Each structure stands twice: as C-alpha cells, then as structure tokens.
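One chain comes next, on its own, written as structure tokens: the form predicted on its own.
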C-alpha cells in the first residue's frame, strides 16, 4: 500500500483546512492537505455572505476576484413586514461582502500551496490509524487507490459531518435543536435590492431560524432558509421557501438556476476540540455562529490558530492533548463568550411568536443604536423583553 509520511495531515480543503495548512507550512511543517471533491469550493454549500472586519485578523487581503458584491447595508424584517433598514456605518460586523465562494476557497488553497503545503484532490479519508493506542495518521483513497498518510498530528477540517473527529473518539453529536435544516436557491432575473442583504425572521416564515436574500448583482441573489431541527418536518424548508418566493412580487419573473441544501450546526462549539495528535477546526469543531449559521470567519480563525499551535508543538516534538490545549484557549478567548451568548439568544428567539417578533423589530427600528450587531440588539431587547435574555444577562 502506498504510504506518505508528513508532519501534519489536514483533512478537508475548505477555509479552515486551507488556513491550517498555510500556517503549518509557514511554520516549517511538512503539510499534506487532502480534499475528497474534484474541485475546491464546489459544489456550493454556503449563503456566501461574510463580514469584513475579520479578514485582516487572519491575514486575508480582500480581492475583487472573489468579491461578488459589496453590500451597502442590511434589512431586518418581521413576519408582518415591519422593517429595519441600516447602512454599513451602523451594520457593524453583520454586513459586508457577498462572495464567489468557490473562488474564495481556491484562493485560500493557493495561499496554502504558496506557503509550501501539498494538496491531494479526489482523496478522502476512510479511517484513522492507531498504533499502540496512539493516532499516527489516516487511511485514505486517492483516485480510488487505497493509501496511508502517516503524520504526527491530524487536522480534522472535514466540515459538518466530522467523520474524522468521530473516528478519533471525539464526541461530535448534536442535539436536534442545535441542527438547522437549510435550503437555498440561486435566483436570476429578480428585482431584489442589489445593495442590501435581507433577513426575515418569525415562526410563520422560518420556524426557529430565518430566511435570507444575499444579492450578487445583476438581478442574481442567493435566497435561502434555515429552520431549527426541532421545528422542521421532512421537506418543510422547501415548502416555506417556495411560498415566500411565490408570494413576493420581486421574484415574479425569477427562476432558480442552482439549488443547495443541507444541515448547519448551531451549538456554541465542542466541549473540547483537541485530543492526542488531533485538532478539529471550523464546522468540524462546531465552532459556528449559532444565531446566523455563519462559519467562514470561524473556520479561518480556528485554522490559523491550529497552524500556529502546531508550529510550536513541532518545536517541542509534542503533539499530545496537553500540548495542543493552547488552541482551545485561543479560540475560546476570542470567540466563546459570543458563541454562547448567541446560542442562548437563538434558543430564546425560537420560542417567540410572530406578534412578539413584530414588536421586537419595531422596537429596534426606533432605538438609537450606533452599531447594529447581535450584542447591541440584545442590549435593546434586554430593556424591553428581559425574559429573552434570561440566563445570560452577564454576557450583555
């Protein structure tokens, strides 16, 4: 059987995997990244919206090649049509670019290669390898050929499914309320405002989640929906999304040219995303914004942190769980409070009826908020609807 030896093997070439591979390679580690698909970034499994503020933090320079649209602002709507429109000066981190995601992912993979990482396409992990109880690499198939990739540490960047984490013995199970059933169409010839992202919330519109319109310019927009797992029946996401589109005159002459569906995790991260000789990043570690389902930023951050910590581990020749724990501290110090706060907010908002959602949006629209983000919205909500934030007031 073919065998490859390296320092680090990264499973998955999404944003988290590519960032981990880049920073590992920059640190002098012999890094191999595998990708099961035939093309990085495709097929699309994303609404393609990102904020702008975190890009510099992880060393990504904005590039017109992968920026499809630069949003002026956002609109939040309630079930009865109450709307709160805000421009980017107030939108804070909730508004930014709409990407061509497949080009964005390819750009990150290119950066990993420039740093010295090796990529193997059409190569998927089939199991982990243990010897004397220790993880020593993965088993894989590359273009149908069985092989082994032996490494000092595994980076599991294999997304929502997170098979590598499970095989390594890490509990990645999710409660049904921490799953979101999603469906999205790419609509063409629509009359939606091409300068504003739109978010529609309410139980009658998207139970336990929200419906979105992310414009891509030229009458094209990603139109999608997410429904909380405990509130979703089979096929229900499609029923709600199709009804919204058929009832909205902006889509009267529009057609879908692409459909994507799947699940998103909406919990505040795993209890621990490391073990001896393995790190989980991004969606695989359940590190994703529970209230928006946004995960690109979190994947890039955790991938960078993983690469930085592995570089230090290599200097000491120690990839044990204890040696990898600085990764846990890094992502938790940067994101844990916000993730937990947004998870609690997600749980509470799912309980509200449409009338209360209408009142919330009216309240927000008349409030003097200098920068609109989840934190500041919750501060306003706390004054009028304290029960919504009960149990996590100290995070607001």
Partner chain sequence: MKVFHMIVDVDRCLHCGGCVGSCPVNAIFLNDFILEFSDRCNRCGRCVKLCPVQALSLEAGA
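Not measured: the values here are computed from a predicted model. Residue numbers count along the first chain shown, from 1.
In what follows, reference is made to the form predicted together with the partner chain, a form of this protein that is not presented.
Undergrad: Taking 4.5 Å between heavy atoms as the contact cutoff, choose which of 195, 318, 161, 191 touches the partner chain in the predicted bound form.
TA: Exactly one residue meets the criterion: 161.
Undergrad: Would you kindly say which of 121, 83, 175, 113 lies with a heavy atom within 4.5 Å of the partner chain in the predicted bound form?
TA: Filtering the options by heavy-atom distance leaves 175.
Undergrad: Taking any heavy atom pair closer than or equal to 4.5 Å as contact, tell me whether residue 244 reaches the partner chain in the predicted bound form.
TA: Answer no; every heavy atom of residue 244 is more than 4.5 Å from the partner chain in the predicted bound form.
Undergrad: Would you classify residue 230 as touching the partner chain in the predicted bound form, given a 4.5 Å non-hydrogen atom cut-off?
TA: Yes, contact at 4.5 Å.
Undergrad: Is the gap between residue 97 and the partner chain in the predicted bound form 4.5 Å or less for some heavy atom pair?
TA: Flag for residue 97 set to no.
Undergrad: State yes or no: in the predicted bound form, is some non-hydrogen atom of residue 181 no more than 4.5 angstroms from a non-hydrogen atom of the partner chain?
TA: It does: once the partner chain is placed as it appears in the predicted bound form, residue 181 has a heavy atom within 4.5 Å of it.
Undergrad: Tell me which stretch of 271-279, 252-260, 68-76, 203-211 has a heavy atom within 4.5 angstroms of the partner chain in the predicted bound form.
TA: Heavy-atom contact with the partner occurs in 252-260.
Undergrad: Hey, which residues along 266-291 are within 4.5 angstroms of the partner chain in the predicted bound form, non-hydrogen atoms only?
TA: Stretch hits: a single one, 286.
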